[in-house]
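Below, in structure tokens: the form predicted on its own, a single chain.
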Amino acid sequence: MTQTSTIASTREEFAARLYGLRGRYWDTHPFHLRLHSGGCTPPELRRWVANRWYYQLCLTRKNAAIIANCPLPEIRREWTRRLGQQDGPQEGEGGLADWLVLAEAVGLDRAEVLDERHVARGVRFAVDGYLHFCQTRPWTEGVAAALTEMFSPDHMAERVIAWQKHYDWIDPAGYAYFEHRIPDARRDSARTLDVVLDHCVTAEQQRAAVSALAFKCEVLRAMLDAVDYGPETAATVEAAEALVPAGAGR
């Protein structure tokens, strides 16, 4: 039986442990491989965008939860900037507004994205679980879970190139989200890593941080499982119920 070490890793060792989770990021998921190779149909691509909207909605609330759980004013002040990045300084700006432009660029109606009719129950469950994690776990674990930012900029840059090559029917205006987010993610990920390395200094804190990042990777991959499988959404359930004769099964 292996005993859990009580000796903390050095800063360099700890960073390497976090980077070591790179292989668990969702860019190796079969759906993303298909998405980037041009193997997705327009409905599949739209399904990904519509479901990812629900994750986008979660980000401001999870960052607000980290702020609420953090006792350090300097971290709270710094993290507050992320709320504005997503919600925007005013209506029609920020990450959420850019994502709605992307949705329209791939052929989705804004109203059907906003009412979440295409959100798969597996995606909803995974995203809600991530939000609950950040609301109930120590703030350092919520920050560590956000370290998937370390892996995302290159993946997003590859996505833009792949989509322009394989899906030329997408309105170029939709790429604004990635153009704005990629430089932000590069900057934010470096700072997020510093915060985790600075504040997770015991062996227990470091283990919890690694586990938090592993959990976030599983959340992202679970979302893709649900999108790839194409499970029932509110819209498909309503359509199926409409076909059931009145009184059937009662």
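Just count from 1 along the sequence shown to find any residue number. Small disclaimer: the values here were computed from a predicted structure and weren't measured.
There is another form of this protein, the form predicted in complex with a small molecule, and it is not shown here; the text below is about that form.
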- Message: Is it true that 50, 108 and 167, all three, sit within 4.5 Å of the small molecule in the predicted bound form, judged by heavy atoms?
- Response: no
- Indicate whether the small molecule has at least one heavy atom within 4.5 Å of a heavy atom of residue 156 in the predicted bound form. yes
- Query: Taking heavy atoms only, is residue 146 within 4.5 angstroms of the small molecule in the predicted bound form?
  - Reply: yes
- Query: Is the gap between residue 220 and the small molecule in the predicted bound form 4.5 Å or less for some heavy atom pair?
  - Reply: yes
- Does the small molecule come within 4.5 Å of any heavy atom of residue 125 in the predicted bound form? no
- Message: Within 4.5 Å, heavy atoms only, one stretch in 111-119, 167-175, 148-156, 69-77 touches the small molecule in the predicted bound form. Which?
- Response: 148-156
